[in-house]
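Before any questions on binding or motion, here is one chain by itself as structure tokens, the form predicted alone.
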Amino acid sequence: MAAQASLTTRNAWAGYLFVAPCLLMIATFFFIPLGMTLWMSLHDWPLFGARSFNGLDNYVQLAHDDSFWQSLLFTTKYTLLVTPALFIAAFILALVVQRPGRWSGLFRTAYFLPVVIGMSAASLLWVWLYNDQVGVFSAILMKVGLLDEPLEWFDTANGALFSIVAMVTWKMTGFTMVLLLVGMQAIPEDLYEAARIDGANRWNQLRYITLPLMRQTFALALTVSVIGSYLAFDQFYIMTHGGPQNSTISVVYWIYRAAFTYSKVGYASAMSVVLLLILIVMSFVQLYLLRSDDNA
């Protein structure tokens, strides 16, 4: 009995040692920065100089900050545009490459290739593609007769927004495609064979087998996409600098400006905390709405 208890204790300690590095990483890169952000949000904390405790003043000021809520509204608009575009393109590509074929591996690699490019590099690349003097987009549209003169893509608020949505869709579709492809390949082939025997065509197989059984995959991909969209920064900072007339300032871009342009680190921390709470609530809502029937 004593030997069995000793073995159980050793196994328990071995388990603790295995998970310790992971817990240390999470504590170092998540919980400690989160605690520091909460602490800083309760202070008047300039980028340089002494700080002073001001309680909830930053949150009270934030509630009346029209610029913050406008940036949050713009970020929501951007998310509502880019998320459906990503899902539609990724789902179509996943359907195309899911069946084994001679070139399926090549197409999967080709569609995923833009994902490995950094967002900053992709943004710089597309700035040049959109350039009205040397960019290829205006040149192609003029070549086919759709434009009479080069188009300044970032000259209007909607033009800048849709240009960024197109770039992000090109870059991130491959990532969403892989998530959806994994979900598709997890569906047992027996279900499709039984459906074909019963006379179901491809549309009915997609409607009654593929889509219902991919609900949890959709929930995961949707959560990742929405969080990534709300945390978007690089593309707006590089491609439009928030213009024209501050019409493309995302919420993270506004947090960056508050911290490093206006030297209000405590206030920027309060905005970060509010954004975190919004994302937590949205993630719970998405996962609840797209939960599987087994968990309902």
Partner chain sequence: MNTSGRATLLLGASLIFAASACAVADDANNATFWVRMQDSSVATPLVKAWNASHKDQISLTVVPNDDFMTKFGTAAASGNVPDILAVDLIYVPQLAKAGQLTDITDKAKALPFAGTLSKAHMRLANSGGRQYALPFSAEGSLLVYNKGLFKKAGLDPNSPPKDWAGIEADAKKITALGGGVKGFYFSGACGGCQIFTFTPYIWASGGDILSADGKTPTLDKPEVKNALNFYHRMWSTGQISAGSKTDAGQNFINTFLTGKVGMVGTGAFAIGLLKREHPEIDFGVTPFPGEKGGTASFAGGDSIGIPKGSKHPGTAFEFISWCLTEPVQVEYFAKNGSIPVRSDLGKAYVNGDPRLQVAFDAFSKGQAPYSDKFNQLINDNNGPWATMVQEAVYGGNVDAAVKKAQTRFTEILAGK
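Residue numbers count along the first chain shown, from 1. Remember, predicted model here, so these are calculated numbers, not experimental data.
One more form of this protein should be noted, the form predicted in complex with the partner chain, which is absent from this view; the next part is about it.
- The contact residue chosen from Phe154, Tyr78, Trp126, Phe91 relative to the partner chain in the model of the complex is Phe154, the criterion being a non-hydrogen atom within 4.5 angstroms.
- Within this chain, Val60 is remote from the site of the partner chain in the model of the complex, having no heavy atom within 4.5 Å.
- Taking the partner from elsewhere, Phe68 is found to have every heavy atom lying beyond 4.5 Å of the partner chain in the model of the complex.
- Proximity of His43 to the partner chain in the model of the complex: non-hydrogen atoms within 4.5 Å are absent; the residue sits far from the partner.
- In the model of the complex, no heavy atom of Asn158 sits within 4.5 Å of the partner chain.
- Contact annotation: the partner chain lies within 4.5 Å of heavy atoms from the stretch 126-134 in the model of the complex, the single such stretch among 98-106, 126-134, 80-88, 166-174.
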